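Only one chain is included here, represented as structure tokens and corresponding to the form predicted on its own.
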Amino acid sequence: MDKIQLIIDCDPGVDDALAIILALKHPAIEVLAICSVAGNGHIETTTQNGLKILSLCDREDIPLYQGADTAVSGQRPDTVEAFGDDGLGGYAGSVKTDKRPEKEHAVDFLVRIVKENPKKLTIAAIGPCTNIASAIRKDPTFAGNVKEIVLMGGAKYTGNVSPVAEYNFWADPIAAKEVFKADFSKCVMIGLDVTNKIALDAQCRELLRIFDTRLSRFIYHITKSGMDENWEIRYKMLSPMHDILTIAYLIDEKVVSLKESNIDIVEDGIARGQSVVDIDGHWHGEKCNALYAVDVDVLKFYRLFLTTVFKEHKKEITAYLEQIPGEKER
């Protein structure tokens, strides 16, 4: 079976880091490049974090292209506070690298690589959609030449920066709207309605500490700030891992349940960034532009994630997961 030829457009970020790590570790995926965008930090921070993740995984051979520092409107979005000032829970300094980003801008790279490989490349867009929308604007054939785009963003029922908006779509709602209007051959939205269900709990996080490898220690430390914030606000011992679910879906589509939908984004006002999800296109004459993730198999996700990244501990992971009677309550 041919490997998935993947480009990850991201704003690392704890959950972006986890997504990159899973993609790099799974044999079904070939990561061709990383593109950075502002979001969890300004562009210098997200770019450096991306470089550090590649170095951590001994994959400095993979190029990273620096992208947009502002939304398509020209405004710089507020950055996420949950992951600390450095985007990696205060732990970015634990990884050193001499690797540098490529000279070509991420948008120019995206346009070029897709044009050179029509219908062959998959894009995981797990930050604000600025780079993707800019590529669409630059090349009208771009969307039609992408094999599949999977987005981490939005939600039908809840938000994390407002009652209705998820951060990635809120940070650049115009870009998100343009992506859904661009007529990609296959567009998948994986939002908070399912990503909240796979948040890392304290027991599983402790398992990573017990493994005591360089990678498990890194994940253990960078997820602390998210868990601390969840405890302070909601009294829940959970750390967000939103972006990683996009990669799990690409590896095994059965991890999530999808429904054909018509999705639009609110550009401004009190509902800025809200994803309006019309399942089955009921209000649009059954015309759909995307697949929307309505549910997730939590245990299937954890089995895939843990046994891929920590395959040397498969026996312990299997024993741990067998103790869980059903889906974890979130």
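Heads up: residue numbers just count along the shown sequence, starting at 1. Here the structure is a predicted model, which is why all the values come from computation and not from measurement.
What follows is about the form predicted together with a small molecule, which we do not show.
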Note to self: Given the stretches 104-112, 254-262, 132-140, 236-244, which is the single one in contact with the small molecule in the model of the complex, using a heavy atom cutoff of 4.5 Å?
What the structure shows: 236-244
Checklist line | Site test, Q5, Y65 and I123 vs the small molecule in the model of the complex, non-hydrogen atom cutoff 4.5 Å | finding: no
Check: From the list N49, N40, S36, S275, which entry has a heavy atom within 4.5 Å of the small molecule in the model of the complex?
Finding: N40
Check: Which pick from M227, C204, I174, V80 sits with a heavy atom within 4.5 Å of the small molecule in the model of the complex?
Finding: V80
Notebook entry, point to check: Does M152 reach the small molecule in the model of the complex, with heavy atoms at most 4.5 Å apart?
Noted result: yes
Item checked: 4.5 Å heavy atom contact, C187 and the small molecule in the model of the complex -> no
Note to self: So in the model of the complex, is the small molecule close enough to S216 to count as touching (4.5 Å, heavy atoms)?
What the structure shows: no
Checklist line | Partner contact for Y91 in the model of the complex: the small molecule, 4.5 angstroms, heavy atom | finding: no
